[in-house]
Each structure stands twice: as C-alpha cells, then as structure tokens.
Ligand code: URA
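Heads up, the chain below is alone and in the form predicted on its own; it's given as structure tokens.
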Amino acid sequence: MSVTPAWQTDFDMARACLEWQFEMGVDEAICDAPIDRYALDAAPVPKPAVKPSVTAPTPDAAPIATPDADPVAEATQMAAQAQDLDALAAALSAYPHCDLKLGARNLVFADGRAGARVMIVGEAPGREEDMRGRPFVGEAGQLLDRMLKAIGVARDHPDLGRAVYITNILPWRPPQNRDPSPEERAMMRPFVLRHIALAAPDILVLMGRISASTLLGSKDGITKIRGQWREVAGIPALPMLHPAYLLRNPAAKRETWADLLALQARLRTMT
C-alpha cells in the first residue's frame, strides 16, 4: 500500500488554498514585509487621537439602501431617468439594493457597438469578465466570437449594420458563478429593459436560460424554446443556447448553427 508523503499533502493543500483565495478575489499581499505578530501582541495599542465620525459619509461612500424601500420599484424609477447609456451605467453603479456589487471587481456594463442591429443579452459575468469589466471575454466569449464570425457579424465590426452590442442580465459576477437569484433578476430587469430601449437594436438574442426566462417570463427550459422567435419590448427576440452550455455539450452546436442561420436570414430580410 502506497502512502502519500506528508510534504505532498501539504503542497496540494497549500495550492488549493491559494487557488481558493484567487477565486475569491485576493490578488495581492497587503504588506511588502512580514509582520512580527508576537511583537505586536506585546506592544500597547495606541488610542486614536480623534474620535471617528459616524454621521458624515465620505464623498465616495457607497449609497445606503433604505430598509423599507422596494428594490424593483426603485430600479424602475432609476432606469427610467437614464437618458443615455452613460447615465444608465451610472444609475446601475449607484443602485444600492444589489449586494453582488460588494464582492465584484467591476461593473460589467456592455461591449461591442451601441446602435448595432443585433443586441445580445447574456446571463452574468464570470471570473474573466469580472476582472476585465467586459462581457463575454472568457472561453465562452471566445466561442461566441467564432459563432458570430461564422455568419459575418462581430462585436467590433466597422460596419454598424454588421456589428453586435452585448450585455448581461446581471452586471456583477455572482459568487462562484452561481445562478442569479429570482430577487436579483427582478431588480435588474428594469435596467435591462431600459438598456434595450436606449440601444434600440433591430433584433435581440437571448443567450441562455437566465436571459430568456428573465425577459420572456417563460418557465420552459432554454432547450425547448431555443430557435423560436419571440418578442421583447416590441423587438424580435431569438432565444439561443449559451456558449458555456455548448462547451459542456458539444453535440448541441448543431442546433446552435441552425439558430445562427435563422438569425442571419432574419437580418437579411430586415435590410
């Protein structure tokens, strides 16, 4: 019977701990030099010279949610007041009721070209998206770019008629990439609808289960409704399988190719 050496176990455990910390967002040390904790324990703790104020917030303090506020009603009001995309991004940043922002590195608002004929609405940022502040830039995003290229469109295409604009239901990454809760989706829905209205696309692509159910209100799974044209806010909407799903289920790429061809055909009829 073989026994794993103690040093190997310690190494694996240390590496797992480091990977977990990186996943949680720890990317740098606090101090440049080690601290002698024994010396600190022996030293007297100095008292602050001035009692800190608890009434005057700093200019950069995060907005505080009112306990009895209605998060969805407040989201609807704040979204409606945004007159352009910059104002909408600012409203999202100031929205006080979604705790996801407290653990996220960046607000992931959008990518691509505003005013493009096609607007893709995904689900939520992943680790790469959270780090870079752009939607669909990880492995799933790279597959999405290849999918779009296959039908002659791209998020950065110089021709606005062949460009794509991309956003998500949630602008902040959920911990461990979990599914957004019903409450999180409900409070973000008014912002997404306002985002669609300001971007004014000709066609929406609802990329994934969360996007389709949030905007369509459908209880059917994405595998049942994919490829079926629907409507969101008066705009033709095509539910599709999320690229992350395709990475886990390569056999589904055949169905997605049929959906991409349907999207291409719809664009041609609308010219």
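Residue positions are given as counts along the sequence shown, with the first one as 1. Small disclaimer: the values here were computed from a predicted structure and weren't measured.
The protein also exists as the form predicted together with the named molecule; that form is not presented, and the subsequent description refers to it.
- By the criterion of a heavy atom within 4.5 Å, Glu184 is excluded from the residues contacting the named molecule in the predicted bound form.
- Interface membership of Arg209, defined by any non-hydrogen atom within 4.5 Å of the named molecule in the predicted bound form, is ruled out.
- The named molecule in the predicted bound form comes within 4.5 Å of no heavy atom belonging to Pro171.
- Interface residue remark: Asp111 is not counted as part of the site for the named molecule in the predicted bound form, having no heavy atom within 4.5 Å.
- Screening 129-137, 82-90, 97-105, 195-203 for residues having heavy atoms within 4.5 Å of the named molecule in the predicted bound form returns a single hit, 129-137.
- For the residues Ala124, Ala75, Ala116, Leu148, the 4.5 Å heavy atom test against the named molecule in the predicted bound form is passed only by Ala124.
- Residues of 227-265 placing a heavy atom within 4.5 Å of the named molecule in the predicted bound form: His242 alone.
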